[in-house]
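What follows is a single chain, given as structure tokens, in the form predicted alone.
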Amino acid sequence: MGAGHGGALGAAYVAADTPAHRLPAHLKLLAVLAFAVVVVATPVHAGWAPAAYGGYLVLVLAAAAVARVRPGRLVRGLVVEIPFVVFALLLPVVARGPRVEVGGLSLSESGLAAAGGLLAKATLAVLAATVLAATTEPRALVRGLERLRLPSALTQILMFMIRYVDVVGGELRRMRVARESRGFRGRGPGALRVLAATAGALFVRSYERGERVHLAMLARGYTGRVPTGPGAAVAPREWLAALSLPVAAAAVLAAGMLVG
């Protein structure tokens, strides 16, 4: 069971000794979730919304600075936001309502506001999640989800995925080397047949490996739950440190509502 250590998934983790790294995983999960809720609760069409988004961004960047997460790491984390960007670019075109000319295009005013709000909220949530991933090991995240009472079946699936994703990746790399040693270059329609056969062989090998691993686990007393041990007690200062981000974001939201 020790074959995989989350190397592929753990590439997002940045090893360091910072206050953010030392916080329990379940507290960081709660903090990021609460922060995302505050950001989503910000009214899109409010006049003070851009200022609030700027305040949230300052808070996230401050958390990243405390965690020693480099700007390049934050930028790479934004790749997952591409589908939201595509959808946001289409909103001003397809939305109805009053139109405005921008660069020779007739765009919806409400669509522009909605697109800007969507991009801002998605970007802030992804940045916060990137800081979480960079300061928490994958297995610690799964243990944090267990402490938050996520269904055991889901946490078990996540744990095994983290442990064995490198095993499957290594199998795929060996098959690729074997193909290339036989002259395969992956050019032309004829390569699709070879790639399809590779995908089928990889599935069969992964399934057989999974069966062998499951039998080995049963022989060692596995009963459907991987023991993780009792969670350590959480000190009040850890709660204060973890909740500082969503509390500060809530203060920004409240100030915007009062001033606006």
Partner chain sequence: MHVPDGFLDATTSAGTAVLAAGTVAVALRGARAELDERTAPLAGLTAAFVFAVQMMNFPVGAGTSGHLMGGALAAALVGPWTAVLSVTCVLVVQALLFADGGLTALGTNVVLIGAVTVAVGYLCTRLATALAPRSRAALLAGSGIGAFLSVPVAALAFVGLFAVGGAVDVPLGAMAATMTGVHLLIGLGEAAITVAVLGAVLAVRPDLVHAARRLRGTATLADRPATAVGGAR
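Note that the structure is a prediction, hence the values are computed from the model and not measured. Residue numbers count along the first chain shown, from 1.
Another form exists, predicted in complex with the partner chain; not displayed. Remarks below refer to it.
Proximity of Leu33, Ala125 and Leu141 to the partner chain in the predicted bound form is complete: all three residues have a non-hydrogen atom within 4.5 angstroms. Remark: Gly200 counts among the residues lining the partner chain in the predicted bound form, judged by a heavy atom distance of 4.5 Å or less. In the predicted bound form, at least one heavy atom of Gly210 sits within 4.5 Å of the partner chain.
Interface membership of Ala12, defined by any non-hydrogen atom within 4.5 Å of the partner chain in the predicted bound form, is confirmed. Although the partner is absent here, Val66 sits far enough away that none of its heavy atoms falls within 4.5 Å of the partner chain in the predicted bound form. Shown here without the partner chain, the chain has Leu29, Val32, Leu33, Ala36, Val37, Val40, Val44, His45 in 28-54 lying with a heavy atom within 4.5 Å of that partner in the predicted bound form.
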